[in-house]
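One chain follows as structure tokens, the form predicted alone.
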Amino acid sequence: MTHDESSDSIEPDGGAISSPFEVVSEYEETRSERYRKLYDAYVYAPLSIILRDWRARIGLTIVLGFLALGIIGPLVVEPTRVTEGPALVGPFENWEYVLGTDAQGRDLFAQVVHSTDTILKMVTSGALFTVIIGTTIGSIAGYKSDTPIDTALSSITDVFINLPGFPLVMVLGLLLEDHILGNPYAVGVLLSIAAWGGLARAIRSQMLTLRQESFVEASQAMGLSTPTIVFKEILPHLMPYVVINLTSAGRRVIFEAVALYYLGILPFEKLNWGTMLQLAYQARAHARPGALHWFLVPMVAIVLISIGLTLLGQSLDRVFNPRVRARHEKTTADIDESGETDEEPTNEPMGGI
């Protein structure tokens, strides 16, 4: 038997079968079809999932509303000033001051608008800092389990977990007053300086389980690098958990910022939700019916954005859930002549990891 003959498989009837690795697809994907698939996977499917979830619709509406208020609002609404209007005008009594005024005659709506921009910057920097640091350290420590890298990263994580977060932020806020004054991004990072430890520990635990899966072993056998395996192959399975923690970190930044501004610990250059509450409390607005709106306006803003982030985080769990995405992703080939997709509705509950 020659070398060429021995390289083929032999059927029972004596016929030869060429190696399956020699089979080449006759279908060649065009560039437009690749773009369509990317659109279906990263635009259509997420939007379809979000629009079908009432939590996502409500949460997204609230969050987008605050984004518009923080980005566009300061361009339209001028900053308020003392004695701009009558003192303690009630909400909706005067349409020039739709949410009323405080005891110094400052427009509460203008205060909320110009405070939202600052709060959003704090939330963005603080939430991203928590998630990026916690996810990176937890993922690497879990994948490199029982190695010196894991020992070092776990030790650092344990230190930050046991730090008293709120007192630490108070001390650092007083020490770094000159550096964080007027810089909401720095304040957001400061508020999250010790908050990533819990997330890193949880991600490490999840990684210890996922690193035993067959697809990880296959990636290792293919010789893929550690960063590729960790961040491209394993981490997408943790995205529902990461996204929920992202919104939770944003809510925590809001509450801590408001609390520290209310206590007068963090320095500020202009009024924000925390200082509004402080001034209202000092004027006993919570005990005066005619001034109660001064106290309630910033509280309602805090509650609304917190609810929006919570609902949005719960719904984004479905967006990153691969089983849910698989039922919503579609291409032109999935659409029949009647314009309907082959997608079937299901009542199967879907949850995160």
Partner chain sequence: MIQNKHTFMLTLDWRIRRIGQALFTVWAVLTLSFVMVRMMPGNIMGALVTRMSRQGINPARARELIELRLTIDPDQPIPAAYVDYLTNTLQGNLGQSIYFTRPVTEIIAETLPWTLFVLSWAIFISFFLGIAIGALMAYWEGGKLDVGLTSYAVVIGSVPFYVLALLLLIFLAYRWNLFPSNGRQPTGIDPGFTVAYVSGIVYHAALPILSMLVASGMASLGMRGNSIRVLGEDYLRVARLRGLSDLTISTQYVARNAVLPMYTSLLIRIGAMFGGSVVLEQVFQYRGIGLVLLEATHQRDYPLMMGGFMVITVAVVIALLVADLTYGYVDPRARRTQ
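So that the term is clear: the rigid core is the largest set of C-alpha atoms that superpose within 1.5 Å between two forms. Predicted model, so just to flag it, every value in this text is computed and none were measured. Numbering follows the first chain given and starts at 1.
One more form of this protein should be noted, the form predicted together with its partner chain, which is absent from this view; the next part is about it.
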Assert contact residue (its partner chain, in the predicted bound form, non-hydrogen atom within 4.5 Å, options 62, 49, 311, 69) equals 311
Between the options 77, 208, 87, 163, which residue brings a heavy atom to within 4.5 Å of its partner chain in the predicted bound form? 163
Residue stretch of 78-86, 116-124, 150-158, 101-109 approaching its partner chain in the predicted bound form, non-hydrogen atom distance within 4.5 Å: 150-158
Verify the contact flag for residue 262: yes if a non-hydrogen atom of it lies within 4.5 Å of a non-hydrogen atom of its partner chain in the predicted bound form, no if not. yes
Residue-level question: is residue 287 within 4.5 Å of its partner chain in the predicted bound form, judged on heavy atoms? yes
With heavy atoms only and a cut-off of 4.5 Å, decide whether residue 58 touches its partner chain in the predicted bound form. no
With the partner left out here, check for me: in the predicted bound form, does some heavy atom of residue 277 sit within 4.5 Å of its partner chain? yes
Contact check, 176-207 vs its partner chain in the predicted bound form, heavy atom within 4.5 Å, ordered by sequence, gives 176, 177, 201
Taking the rigid core as reference, does the Cα of residue 286 move 2 Å or more between this form and the one not shown? yes
